[in-house]
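Starting off, we have a lone chain in the form predicted alone, written out as structure tokens.
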Amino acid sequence: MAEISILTEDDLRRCVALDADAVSCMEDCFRALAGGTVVMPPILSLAIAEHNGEVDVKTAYIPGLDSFAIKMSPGFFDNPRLGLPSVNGLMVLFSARTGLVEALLLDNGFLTDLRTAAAGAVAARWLSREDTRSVAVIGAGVQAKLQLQALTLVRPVERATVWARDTDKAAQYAALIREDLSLDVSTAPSVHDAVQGVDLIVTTTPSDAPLLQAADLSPGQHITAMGSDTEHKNEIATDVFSAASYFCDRLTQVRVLGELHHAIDAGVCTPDEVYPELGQVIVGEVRGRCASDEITLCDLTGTGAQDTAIATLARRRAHDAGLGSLFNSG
């Protein structure tokens, strides 16, 4: 008979936070990916177009960890009209030694949100200028807030500008950030206006048409592209690839799902062209930013390795805190 831990979203929020440990957890994950021993199959993705929905299933085994996670992540982007969240889901944690289920993490997307934001902080730590103080956020949803919060853990951010299609949401976002993070935040009437004079740009939308053009950019900026994680999503115009040094989380994945996918389709990049992964920068295999006036772009599509890493951290913290309930199987 095996005991399975059942952890609710409330349990997980009590023991895991967007903090330095979460950022370090993601950094270790990128480092492991660069080592070449992580077993990570392609994402299983199911589109439900008539309801503006998608479901992604991600997993990975990281040698050295006792467990691995399988995550099921639905995203239904018309849900806010129904008073429901756009993203939810859960993770199942298995023993890497026996394959037995160890924990059921009913996080409703919380852990995905957290690890995605922490990954953005890792990208900024290794690719943005150390004196980064101003940020443009494209989008005004949950991830837009978390990305900015994560950036304050690795860079001395003082002010932010936000653009969103819904101007009311942009204003609400700005007010929330002023209250929660005590930053100077303003709204912008366009993406172009939002990114002028800032040090770092983070895109956080499910857009299917490019929002950021090469003509919008200035020397020295870093761009973290978070939104493109399925084939139809696209936030970055292909001409940005000619203006910026390109990095990614997993090359085989971004060729299919990321911003690179669209650049390949447009003929700007070739399918066999090799680009550096963020993990390779972290372990010193390739250089990151080479000059203060260089423009850098990091294409993050989210990996199963990140899900295994954050799920393992969450279960360990919950166990130490005595949280969750136990179910006896078998």
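All residue numbers refer to positions in the sequence shown, first residue = 1. Only the largest set of C-alpha atoms that superpose within 1.5 Å between the two forms is called the rigid core. All values reported here derive from a predicted model rather than from experimental measurement.
Here the subject shifts to the form predicted in complex with another copy of the chain, a form of this protein not shown in this document.
None of 245, 187, 172, 79 but one reaches within 4.5 angstroms of another copy of the chain in the model of the complex through a heavy atom, and that residue is 79. This chain lacks the partner; the member of 266, 47, 283, 290 within 4.5 angstroms of another copy of the chain in the model of the complex by a non-hydrogen atom is 47.
Partner proximity in the model of the complex, defined as non-hydrogen atoms within 4.5 angstroms of another copy of the chain, places exactly one of 140-148, 100-108, 210-218, 237-245 at the interface: 100-108. Contact annotation: residue 275 falls outside 4.5 Å of another copy of the chain in the model of the complex, judged by heavy atom distances. With a 4.5 Å cutoff on heavy atoms, residue 95 counts as touching another copy of the chain in the model of the complex. Interface membership of residue 30, defined by any non-hydrogen atom within 4.5 Å of another copy of the chain in the model of the complex, is ruled out. Using a 4.5 angstroms threshold between heavy atoms, residue 35 stays clear of another copy of the chain in the model of the complex. Counting a residue when any of its non-hydrogen atoms is within 4.5 Å of another copy of the chain in the model of the complex, the hits in 52-82 run 55, 57, 59, 60, 61, 63, 68, 70, 72, 74, 76, 79, 82. After superposition on the rigid core, the Cα of residue 94 moves by less than 2 Å between this form and the one not shown. Once both forms are fitted on their rigid core, the CA atom of residue 76 lies 2 Å or more apart between this form and the one not shown.
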